[in-house]
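Next up is one chain by itself, shown in structure tokens, the form predicted on its own.
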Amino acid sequence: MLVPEWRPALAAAHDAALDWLEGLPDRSVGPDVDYDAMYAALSEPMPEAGVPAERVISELAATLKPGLMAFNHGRFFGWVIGGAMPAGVAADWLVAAWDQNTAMAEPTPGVSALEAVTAEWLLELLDLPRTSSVAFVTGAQVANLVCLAAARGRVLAEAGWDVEADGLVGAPPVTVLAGEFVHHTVGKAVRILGLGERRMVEVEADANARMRPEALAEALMTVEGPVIVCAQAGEIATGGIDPLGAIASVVDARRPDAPTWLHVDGAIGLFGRASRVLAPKFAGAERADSWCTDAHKWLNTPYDCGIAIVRDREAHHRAMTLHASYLPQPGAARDPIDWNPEMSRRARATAVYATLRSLGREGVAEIAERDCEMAQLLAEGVRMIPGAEVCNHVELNQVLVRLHDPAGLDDDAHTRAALARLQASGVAFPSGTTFRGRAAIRFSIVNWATDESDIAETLEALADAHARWG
């Protein structure tokens, strides 16, 4: 057997990783160079002869470093992305070294059992029905897809149609109702599942992008047959949390008459249920039929790990299971392949387990509570800047900011220009958006490392970007 030399390459990776992580406070949050510069630096003919592994790693780290976004930085506020924590990063290194294809329990009992335990911990942490099934997938996109696949199968089965066996041709139409600010991953999942994104029914939302239960009730009166309702526990721009208890009551009122399923997209906020302080904001979430969330958001695990949770284990299993003659036959153990779309898959639950064990419930709650406090602090500071406006009610960890043009000409253009200046400064990196037709800067505070000093530096840089106009 050929015995490879592991230590030089892994030592080079260890040194490069620490150089990156320990140097975060002193570097700009955004990349120092753009895509074209990175492509030029990397582009060369495919080598004829190999290069020593340790040299490959050292040169790769040095070349890519200027083009990396500092997602781990306490002043990265873009796109609702957390920063990986020490236990999760270290566990993820082990995942790569172990190289386990976590599909079936028989050949990979260690990581398969770890995934089962991690699923149990998550149900307890989030206070969701303990008999629910759990899938560890790539992100919220696939988590929503898995949940809605189970939903599609169940509501059609109740209407007398077996979609897993017979497909959608000839099936009763399934109506999907979602708030007007539903995340695009839900629409994409609906499209992939063949339900038709343009057939989704939009339900009116309030000023903070929360679905109005009375509007949902009115919309349900206009549709017949199987229905899937998609609510949100944290809207992408405002952080607005749908009134989940009231929505669940509207859904329950319809169930005796027609197949109905309630799904909660909690990619942004569902981990808030770990906090006794924040949990009341999510009251009623436990009454849903399925839930989506992201561990690489508020739990701050390394990319990637979305989580799909389904109350109806049979519907989940039927939508996702896979068996073949060349694979180990099903046994009593939980086979991960039965709950997610992937056949080949890395042991991504390992980093979730390590992060949960290192933090405990108190640690998870502390991150969520502190990030919400930092969001309030940021909003208070923005209101002190002349010509700056907070556009949302800050009920979670999202702050939506609009800057008025000092020249009185074009607030949209000025807001976008100030955002570009703030990003280019390297001090902080929020992302831009459009909310109700107006340009805005969106600060998503989900990083475990963000503190008061980060907020103060961000506010100073924002005020400077706002002042440098024209």
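Position 1 is the first residue in the sequence shown; the rest follow in order. Bear in mind the structure is a predicted one, so any value in this text is a computation, not a measurement.
We do not show the form predicted in complex with a small molecule, though everything after this point is about it.
Participant: Have a look at 241-249, 157-165, 194-202, 291-299 and name the one stretch with heavy atoms inside 4.5 Å of the small molecule in the predicted bound form.
Facilitator: Flagged stretch: 291-299.
Participant: Could you tell me which one of 134, 267, 374, 399 places a heavy atom within 4.5 Å of the small molecule in the predicted bound form?
Facilitator: By the 4.5 Å heavy-atom cutoff, the listed residue in contact is 267.
Participant: Considering 350, 340, 102, 144, which brings a non-hydrogen atom within 4.5 Å of the small molecule in the predicted bound form?
Facilitator: So the residue touching the small molecule in the predicted bound form, by this definition, is 144.
Participant: Is it the case that residue 236, even though its partner is missing from this view, gets within 4.5 Å of the small molecule in the predicted bound form, heavy atoms only?
Facilitator: Looking in the predicted bound form, residue contacts with the small molecule include residue 236, since a heavy atom lies within 4.5 Å.
Participant: Please determine whether residue 254 contacts the small molecule in the predicted bound form, using a 4.5 Å cut-off between heavy atoms.
Facilitator: No, no contact at 4.5 Å.
Participant: Quick check on residue 74: any heavy atom within 4.5 Å of the small molecule in the predicted bound form?
Facilitator: No, residue 74 is distant from the partner.
Participant: Heavy atom to heavy atom, is residue 80 within 4.5 Å of the small molecule in the predicted bound form?
Facilitator: Residue 80 belongs to the contact set for the small molecule.
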